[in-house]
Structures are given as structure tokens and as C-alpha cells.
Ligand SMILES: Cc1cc2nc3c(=O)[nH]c(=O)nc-3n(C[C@H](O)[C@H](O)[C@H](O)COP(=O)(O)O)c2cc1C
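First, one chain by itself: the form predicted alone, in C-alpha cells.
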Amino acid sequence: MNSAETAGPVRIGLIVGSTRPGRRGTAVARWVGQVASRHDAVRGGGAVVEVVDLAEQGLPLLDEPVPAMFGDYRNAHTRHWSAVVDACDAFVFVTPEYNHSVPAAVKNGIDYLYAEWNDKVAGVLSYGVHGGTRAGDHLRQILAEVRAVVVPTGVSLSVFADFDFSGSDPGDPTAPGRIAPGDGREEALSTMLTEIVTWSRALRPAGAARAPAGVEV
């Protein structure tokens, strides 16, 4: 039995990045979960996917007096968030695009921590009018700064091409629609999940060697 198997399944945190009422992120996350449930690694017990909804974390705008790099967390909400992130081996970020970038909640959630992201693997799924690609590009840069490893395959969903608004009032900008991914989207997501699992297993020795979360470095 290899070390990846003895370490247990790869725990993938599915981070829902939008916190606004009426968000489409929860529907997108459900689709990710459905695709993941059909993936060989998940079906075989080699990986598990758990939803991490930023709207449920209760994080205010960053209010820690000590920079995250030192791991000296003073607030209960930070320590809770640290435990949630530290329990994951990898992540899929589901993020919309707001004004050419990621939502403030995504950046805020990342900024709270440092060591907990180090040597973890991440995949980026963006959505928006233009597929959220600019948010995806910014998110990759942000994750690189906290030493996370972003897999090369990403997924972009267009609000116009990958959602079905039939039956909705065309003048209602809050209509959530129904996610209806176009050709190739599920295949791209499956490839991204394969990369996440493979890279996570390869990086586990590096993760085991890093300082525990909440310990000064």
C-alpha cells in the first residue's frame, strides 16, 4: 500500500465564493458535487468533496492584528476558519466575477490565513458574463502568493451560454436560472478533479512537513 493510500482520501473543499442573496454559486457548486460524485477517485473512496460556503463562515473584514504569516490568531472566527481550511488537502474555488476580479469575500477569506494554504492544491471554476475569466486569472495570482498550487485545467461558465433562463422574466436581473453546462464543461471539470487528486497525493509529503496551522513560523 502506498503512502497516499495510507494517508486516507484526498479531502477537497468546495469553496462557494459568492455571499450575495440570490447568488448562482450554490447552484454551480451543486453541479460540481454531482460531477465529482461520478469521478473515479470519489467513487473509489480515494477522494471526498465537502462544501465550504463562505456565506456560512461569519468572517468579518480582516480584523487580525498580527499578519497571517505568523499564525498568531486572536479571534475565534479566525481559529474556526483556520481549522476548516487546514482540514482540507485541496480546494475547488467556485467564484463569480465582480468588476474584473474576485468577490471581496474570496480575497478576505484567503487573506485571513497563510500556512493553511501552503502546499495545497487548488482548482479554479469561474462564472460570469464573460465566463469569469478575469476573476479566475486574479485568483490564480492570489493563490500563488499564499503558496497554493493551482492545477492547469480550469473551468469557465458563461451566464449566457451555460445557464437556462427559460420561464424567467427577461427583465429580472435577479433570476437565478438553471445551470445547463455546454459541451466540454463536464469533461474539463473531471480533468481538473483528476489533476487535483493526483497533485494532492504527490504534495502530501510537503504538506506534512510544513508548520502546523496556528504555530508561529
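Quick note: we count residues from 1 along the sequence shown, nothing fancier. Quick caveat, the model's predicted, so the values are computed rather than measured.
Not on display, but discussed next: the form predicted together with the ligand.
Although the ligand is omitted here, in the model of the complex none of Gly136, Ser156 and Arg185 has a heavy atom within 4.5 Å of it. Exactly one of the stretches 94-102, 111-119, 137-145, 78-86 approaches the ligand in the model of the complex with heavy atoms within 4.5 Å, and it is 94-102.
Contact annotation for Gly25: at least one heavy atom lies within 4.5 Å of the ligand in the model of the complex. Among heavy atoms of His130, some come within 4.5 Å of the ligand in the model of the complex. Within 4.5 Å of some heavy atom of the ligand in the model of the complex lies at least one heavy atom of Ser18.
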